[in-house]
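Before any questions on how it binds or moves, here is one chain, the form predicted alone, in structure tokens.
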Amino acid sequence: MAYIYDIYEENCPTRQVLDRLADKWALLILDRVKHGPMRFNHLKRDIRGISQKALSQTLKKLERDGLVSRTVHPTIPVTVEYALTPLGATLKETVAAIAHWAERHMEAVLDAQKAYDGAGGER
């Protein structure tokens, strides 16, 4: 019998996945590797502002969740590439929609924040 997941239940494991997907670094990493494998340093260079520690930790979590694969090439120095797994590929459109929604609607968000703050904030 298959387990029925309910995102609204307090202890449902789906909340862990949502927590991962709601992380800005995870979204940016997933959006970057959607076109093919990328090396760690290339990701670090492309995702400005991410620390080496945050990138490493986020990649490990995404790998654990089965969304990203890690391939080690026996070169000198060792080359490590990250790519979407088939499961991760199912998120391509969703991740791009969320990430690029923020770019397209940032002015409206800033206007809303300004209006809210100008009205005293709390209601």
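In this text, all values refer to a predicted model and were calculated from it rather than measured experimentally. We number the residues from 1 along the sequence you see.
Below, we refer to the form predicted in complex with another copy of the chain, which is not included among the displayed structures.
- Using a 4.5 angstroms threshold between heavy atoms, Ala119 stays clear of another copy of the chain in the model of the complex.
- Of the heavy atoms in Glu81, none are within 4.5 Å of another copy of the chain in the model of the complex.
- Residue contact check for Ile98: one or more of its heavy atoms lie within 4.5 Å of another copy of the chain in the model of the complex.
- Using a 4.5 angstroms limit between non-hydrogen atoms, Gly36 is distant from another copy of the chain in the model of the complex.
- Contact residues in stretch 26 to 43 (any heavy atom within 4.5 Å of another copy of the chain, taken in the model of the complex) are Leu27, Leu28, Asp31, Arg32.
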